[in-house]
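Starting off, we have a lone chain in the form predicted on its own, written out as structure tokens.
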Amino acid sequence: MKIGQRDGVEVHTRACNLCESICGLLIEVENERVRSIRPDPDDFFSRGHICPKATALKDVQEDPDRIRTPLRRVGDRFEAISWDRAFREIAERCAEIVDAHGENAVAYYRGNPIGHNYGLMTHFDLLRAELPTVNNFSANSVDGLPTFLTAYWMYGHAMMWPIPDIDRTDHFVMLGGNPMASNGSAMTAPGIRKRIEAIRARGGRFVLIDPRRTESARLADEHHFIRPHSDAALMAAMLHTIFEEDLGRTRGLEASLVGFEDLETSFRPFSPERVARWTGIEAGTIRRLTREFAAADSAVFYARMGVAVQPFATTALWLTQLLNIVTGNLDRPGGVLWPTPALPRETLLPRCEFGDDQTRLRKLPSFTGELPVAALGEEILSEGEGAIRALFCIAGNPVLSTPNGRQLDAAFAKLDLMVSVDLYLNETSRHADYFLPSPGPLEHDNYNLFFHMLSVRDTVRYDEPVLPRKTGVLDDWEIYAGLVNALREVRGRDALEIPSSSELLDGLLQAGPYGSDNVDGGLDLDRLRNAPRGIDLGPLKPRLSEGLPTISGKVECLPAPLVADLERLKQQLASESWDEGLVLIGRRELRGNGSWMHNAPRLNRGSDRCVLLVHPRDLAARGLRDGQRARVSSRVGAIEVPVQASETMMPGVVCLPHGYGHDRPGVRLRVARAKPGASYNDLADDTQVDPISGTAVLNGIPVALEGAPEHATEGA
């Protein structure tokens, strides 16, 4: 929102929409160009905090590599095309493909940026209704799917995931998360450093468990290494200890729990002594951590990305919930609580069914109408009825962000039609037959549909565009509308009158719990337009007494698929097959955001960051030296990267950032190509998934490490 002007310089407030944190910005604009971006000290939520990515919004907005007009492929090159012609040709080709091969010959893939741009979310279902298909994929199955599936089974809806009350807790245990780099995840919490420091300042504790001593570990009272894939075993041992030592206290929750009385039996096989060798954490330490967690006046057990993309992902996320439940920290200040967002949860996910559909070949299950993206490559490459022949890729770069990127490269080159809605010609969109450019990040309005629902405080905020859109630039919802009506025209149907994103938002706000339909003088879009920094709706509040959208109306403690999966966990524990070779984990860079921020000059100064962190002992065992270029290989591929000796790594574990690999031909990212790095996902195995949810296994990938051929050392 514009809040002032002086000497021709306008000052706008805006929330950064690059990650979950929703940090408040002050943006100075002169002659329709960004002059500066700085933190807003008066923002009630972020309190003057921003990270380096926010200032790079200027780089993205002004990037000469950003595509600004629709493109059509002609042989090996692209040519400009009008919007109307692009829509018409896409619709005609889609109709031909569907007529010849059926509606499931079309597929969709949506990347993580859709969660930060409501124009990419509000109208997608209109497109899917006009061009229906079972083949709907997204980045969720390489990210948060196990979290949302667990919420659905336990609490009745995928968006009913309880959020850490970090501002009031006394004891915070974090497993597989690094908010100092990621700014919080499934926990919208801007200025996370100050929030963690405040826990310690009021006499509380922050404990971090991770295979790497991360940036967040520097704030921790204690850090413990843990072997990848063993997270569920650790939590099962903590639950075993709570029941064995009678440490539980439900604080009046019993009446709201189904299956609670049968929990103890499920965890008898997982004593700390049994799991210690697998986890790498001594039994005595596991028992101490459990006692301290259970004894705290208020506590949170929080697990995130490192836990969510591994073979026991859904089971592990279930166990984090049980730890909060059996210690009485569910639905309690200082524990975990459900936000009360301004929009109904059904806005995002009207469908929460599990397993209604399956992938054609491996029979991986759907959830919320989406299939696991680990199957996308094979569903294109394998011939036969139902094979994917056309793909709409919306704000995503799956070649660099999903498993077996080289396979996807080959698959996308085989498609009869590919349409990309994006900002850049990247490693994925270079395959497009039609490229439809989104507006620049400061040229559209925004409301954070998704992350207000995962916030550590109830907030609501709407932002007007900072910059005017140039002639010929369409908003994202207008791109969907153009495609929908072109498809209707080709089929001989009347055009639809399609409301804008902001018009839809206004109706949803009024229908929400704070809206004018439910509260006198309640929320609507006009009220938000008059609140340039949004509205603080207060701290999270207990809500369990209102009932849950489960069949019982209560917390389902023992979802049958998760209880059954404990047998697989026992078998893995007994096999000891985990005690072999090196495994690879990922890492998030504070100055990166997946693959698409690597073209921002101010974020990519200095030395290359695509380096493999290796414990010195593991380097020495392979005859490698610090700084040497090495070859990393897995079942599906191999890459070459520099290695860096680092005692922040657990021995036996190596670490590489994801989102690199910008050296493929046809990529128009000049800054990124100067430091291309190598793609983590060229090593990720598309056949390895969490068998419950179908989520790809991206952490704990078995790898071999040796000197690169031109630098191989004797004996390497």
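From 1 onward, residues are counted along the sequence shown. Worth saying up front: this structure is predicted, and the values here are computed from it rather than measured.
The form predicted together with a small molecule exists for this protein as well; it is not shown, and the discussion that follows is about that form.
Proximity of A233 to the small molecule in the model of the complex: non-hydrogen atoms within 4.5 Å are absent; the residue sits far from the partner.
By the criterion of a heavy atom within 4.5 Å, G306 is counted among the residues contacting the small molecule in the model of the complex. None of the heavy atoms of V614 is located within 4.5 Å of the small molecule in the model of the complex.
Among residues of the shown chain, S500 is not one whose heavy atoms approach the small molecule to within 4.5 Å in the model of the complex. Residues placing heavy atoms within 4.5 Å of the small molecule in the model of the complex fall in a single listed stretch, namely 583 to 591, out of 145 to 153, 583 to 591, 257 to 265, 626 to 634. With the partner omitted here, the residue from T241, T368, N178, Q407 that has a non-hydrogen atom within 4.5 angstroms of the small molecule in the model of the complex is N178.
Among the residues G534, P272, G512, P113, the one placing a heavy atom within 4.5 Å of the small molecule in the model of the complex is P113.
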